[in-house]
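The chain below stands alone, shown as structure tokens; this is the form predicted alone.
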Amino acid sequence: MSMKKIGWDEENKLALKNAFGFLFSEELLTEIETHGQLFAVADGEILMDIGDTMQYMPILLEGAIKVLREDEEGDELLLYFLESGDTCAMTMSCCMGDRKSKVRTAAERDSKIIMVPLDKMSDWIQSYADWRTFVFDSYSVRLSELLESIDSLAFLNMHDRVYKYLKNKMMVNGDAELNVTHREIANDLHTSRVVISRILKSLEREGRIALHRNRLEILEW
């Protein structure tokens, strides 16, 4: 894991309050500033890799993260995206159970991550009802997203999966124009670049997207 540690300046403190002020008490926000380490991570950078054991619970302050699974051949499959205010249930399980990670997390774009020490995560569950609610709600939301991913694999054809992937990517990036290559989409969806190129051309003919060099624009959602 290679990330740049940054300080809690006024801008980052304000970002914390904007992201979590409606969820957490002032006392808990102060605890997070005091004990949470803040890191900047660049677009595409790996936060946690398969086989890692983490001693910190990550909370996404700004940006977007994608969570990926890998098969025995080393091919990846996108499970879900994380947005500002989210945490990864699989990472929490890895932390609390002291187990090695079975997923890879990578920055979807430049992001800021709060790393909460494991002992504080456990203490706050006992001490703060709002933190306890946040942790349990995060598990519930991530489980729903995993079930949605399974449903997509089981019940959607590749054409629909690609379109759903693009819409989800648009939502977490907050922009209908996506800087993404056909190869990146193919890797995330565990298919070939040729298949993705064909489907994107089909979506363009349908008037749902516009294709450009190494980027595309979603026209309909």
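Every value quoted in this text rests on a predicted model; they were computed, and no experiment measured them. The first residue of the sequence shown is number 1, and the count goes up from there.
Just so you know, the form predicted together with the DNA exists too; it's not on screen, but the next bit is about it.
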Check your understanding: So which of 182-190, 66-74, 23-31, 50-58 is the stretch with heavy atoms within 4.5 Å of the DNA in the predicted complex?
Key -> 182-190
Exercise for review: Report whether the minimum heavy atom distance between Leu14 and the DNA in the predicted complex is within 4.5 Å.
Suggested key: no
Check your understanding: Is Met158 close to the DNA in the predicted complex, meaning a heavy atom pair under 4.5 Å apart or at it?
Key -> yes
Check your understanding: Closest heavy atom of Ala40 to the DNA in the predicted complex, within 4.5 Å or not?
Key -> no
Exercise for review: Spell out, yes or no, whether the shortest heavy atom distance between Val172 and the DNA in the predicted complex is within 4.5 Å.
Suggested key: no
